[in-house]
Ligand code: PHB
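Here's a solo chain for you in structure tokens, the form predicted on its own.
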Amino acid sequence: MKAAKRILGVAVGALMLGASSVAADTIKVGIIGPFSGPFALQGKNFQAGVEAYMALNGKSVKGHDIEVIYRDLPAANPAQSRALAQELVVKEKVQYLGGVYFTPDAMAITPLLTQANTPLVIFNAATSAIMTQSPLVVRTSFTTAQTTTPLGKIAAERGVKKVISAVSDYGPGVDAEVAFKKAFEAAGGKVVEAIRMPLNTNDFSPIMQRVRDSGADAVFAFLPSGPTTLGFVKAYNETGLKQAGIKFFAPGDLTQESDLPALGDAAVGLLTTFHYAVSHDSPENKRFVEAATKAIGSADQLSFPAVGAYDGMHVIYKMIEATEGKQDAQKAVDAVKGLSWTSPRGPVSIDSETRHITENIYLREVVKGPDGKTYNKEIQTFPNQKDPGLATQ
């Protein structure tokens, strides 16, 4: 195993030396994401965002054709994510890496970047600490601390005094738990109990019983978007917590648009904070939604990972412009520090120090539209939010 790692290291190093001063006619971008398995819809959204960006902005940059190569990582698997990144760099000779849905996978890739002379643009993985692992990482999604912090103040303003938190027991879940507690208790509230659930939890009835027994006025929850979030929200409704008046607060992962048809009317009234809603009212978002819907095949499947991928491709295109097709990871990353643009989600920028995206966070309420379908309606804006989690790293 050690010998194999040394061979891979030599190969990556040789690639770096051979490509650093030569401009490529075709520039390859490697995207890692869940394109099969239980989280396949999130990977499908990655691809829709990439294809939408290229449809609207072209498939070449300054005369260099862009080729996107996808690699499937169905669930969190750090060893496999590292192997896929190595394969993309060594065998496929990509100059840029992108995607990555889960935090542990991003953490496994970061040690490769410097030797590979390859930037990583994260489309989703949402733990604050990822950005401290390599100077060659840029993120265009969000962090759970960033999307969660406004909720603490919102809960207190709505008369909630006691909250029980329930989060998935991994990096983003812990970040969300800590951020909510800090903001809520600063506003005068009290978190009476904190539950951390194994990532593979799918029976939430015992959790709902603990929520009921806690005497809390509300539950704060975070789980990674996918089958688990749908199951959690269904359990909240079906076990009578909503009817009992126990309020529900969560980041927008738990009411992603692709889950709303399955949740039905039971989702109406749920409050979440997030960086993006498909319903966001702007010309940029209308263009994006039209192009991304065409790419994904159904408007009902479109969700937030698509906008992370769309903006990720914008950053990669700007990197390619700055390096004129040459492989120079540090120059590429330096070129996008401080970059600002109008995203489908609203005004955004890349923080010069953290390389993480600064963006608006929106309070949304699930409402029923004139067509009878439910959607996330933005009702309050928290402008220009940085990642508060990075301040504590």
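Predicted model, so just to flag it, every value in this text is computed and none were measured. The numbering used is simple: start at 1 and walk along the sequence shown.
The next section is about a form of this same protein that is not shown, the form predicted together with P-hydroxybenzoic acid (PHB).
- When P-hydroxybenzoic acid (PHB) is superposed onto this form from its pose in the model of the complex, none of its atoms comes within 2.4 Å of a backbone or C-beta atom, and the site is therefore classed as open.
- Although the partner is absent here, P172 sits close enough that one of its heavy atoms falls within 4.5 Å of P-hydroxybenzoic acid (PHB) in the model of the complex.
- Contact check for A126: a non-hydrogen atom falls within 4.5 Å of P-hydroxybenzoic acid (PHB) in the model of the complex.
- Contact annotation for F184: none of its heavy atoms lies within 4.5 Å of P-hydroxybenzoic acid (PHB) in the model of the complex.
- Interface membership of Y276, defined by any non-hydrogen atom within 4.5 Å of P-hydroxybenzoic acid (PHB) in the model of the complex, is ruled out.
- Across the proposed site, F180, F248 and Y362 without exception lack any heavy atom within 4.5 Å of P-hydroxybenzoic acid (PHB) in the model of the complex.
- Note on the partner interface in the model of the complex: the residue among S225, Q95, S165, T140 having a heavy atom within 4.5 angstroms of P-hydroxybenzoic acid (PHB) is S225.
- Site annotation in the model of the complex: the residue of T323, T103, T272, T149 reaching within 4.5 Å of P-hydroxybenzoic acid (PHB) with a heavy atom is T103.
- With the partner left out here, P-hydroxybenzoic acid (PHB) still marks one of 126-134, 259-267, 153-161, 239-247 in the model of the complex; by a 4.5 Å heavy atom cut-off that stretch is 126-134.
- Within 4.5 angstroms of P-hydroxybenzoic acid (PHB) in the model of the complex, the stretch 234-257 places a non-hydrogen atom from D253 alone.
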